[in-house]
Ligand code: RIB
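Presented as structure tokens, the chain that follows is alone, the form predicted on its own.
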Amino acid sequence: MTNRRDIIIDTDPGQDDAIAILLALASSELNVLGICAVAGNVPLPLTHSNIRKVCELAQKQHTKVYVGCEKPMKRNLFTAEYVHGETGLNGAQLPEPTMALQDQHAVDFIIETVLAQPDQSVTLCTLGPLTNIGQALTKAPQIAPRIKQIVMMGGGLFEGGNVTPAAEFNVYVDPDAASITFNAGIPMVVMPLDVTHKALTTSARIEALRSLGTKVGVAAAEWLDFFERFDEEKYGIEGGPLHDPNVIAYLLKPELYKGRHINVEIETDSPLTVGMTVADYWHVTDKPKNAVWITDVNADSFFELITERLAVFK
């Protein structure tokens, strides 16, 4: 396929990150140039280990995995073992990875790749805190106009936050990096809690993955069995939100989503609302529109896409 879309995945797995990675690796429309690890859901040694576990589960050992930043740009690391378990991938038992890490730092890989590839051909898919992206844009601001698009999971408006009343986890962990990214002039598509809370892992959707009968299908179902418990108890809903795969699904089938082009700014100072995505959804200011804010998804088709694509792994 000659018109494959070149992507870099930046991630902190996380069960939902793992399924997003599998969805990308299963999809012939996407060319995964590399996967970058960042500290977030769990510390960096676990996130790069988890990425490689997922690649090996998919028998994609030749995927290039790069180690990125171990802590936010200006703050101490805040992690989410209370959601994802102590490994970040609790729920499925996978062997320790044997595939090698790349020697190059993730930030340098992002910079070098964006500069080496054709202009506006690389899409950054961010599934965790934006530390690696913020550092890359700070170190080499000339990459910004060369990036085709950033599609990210993060933020919230109508759903509020999931770490504080105002802030979603990925933005809260490194709001400084998020602010740099949103202000870089790069076309952005945001998958906030407003849309991911509409993509719920019901028992029927999990069973569809389990019934694939493959190692990948069973692992995905076991991850979701574990992952959904926290949000089911927290929100009182059937199934937990499946956040990160929306980033990859958007690239594959954008018609599943609805959103609005708006201005988004990141609060970095206020003790009360640090990490808040201040989303001008109603256009009450004249600030320039810098992001497409997604608010709706065809959830049935989203889960059908995941199940259909993950079936390629035997």
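A quick note: this is a predicted structure, and the numbers were derived from the prediction, not measured. Position 1 is the first residue in the sequence shown; the rest follow in order.
Form predicted together with this ligand: not shown, discussed below.
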Contact segment among 215-223, 201-209, 142-150, 161-169, judged by heavy atoms lying within 4.5 Å of this ligand in the model of the complex = 161-169
query = Wondering, does L127 line up within 4.5 Å of this ligand in the model of the complex on heavy atoms?
reply = yes
message = Would you classify D174 as touching this ligand in the model of the complex, given a 4.5 Å non-hydrogen atom cut-off?
response = no
Residues from 3-18 in contact with this ligand (non-hydrogen atom within 4.5 Å) in the model of the complex = D12, D16, D17
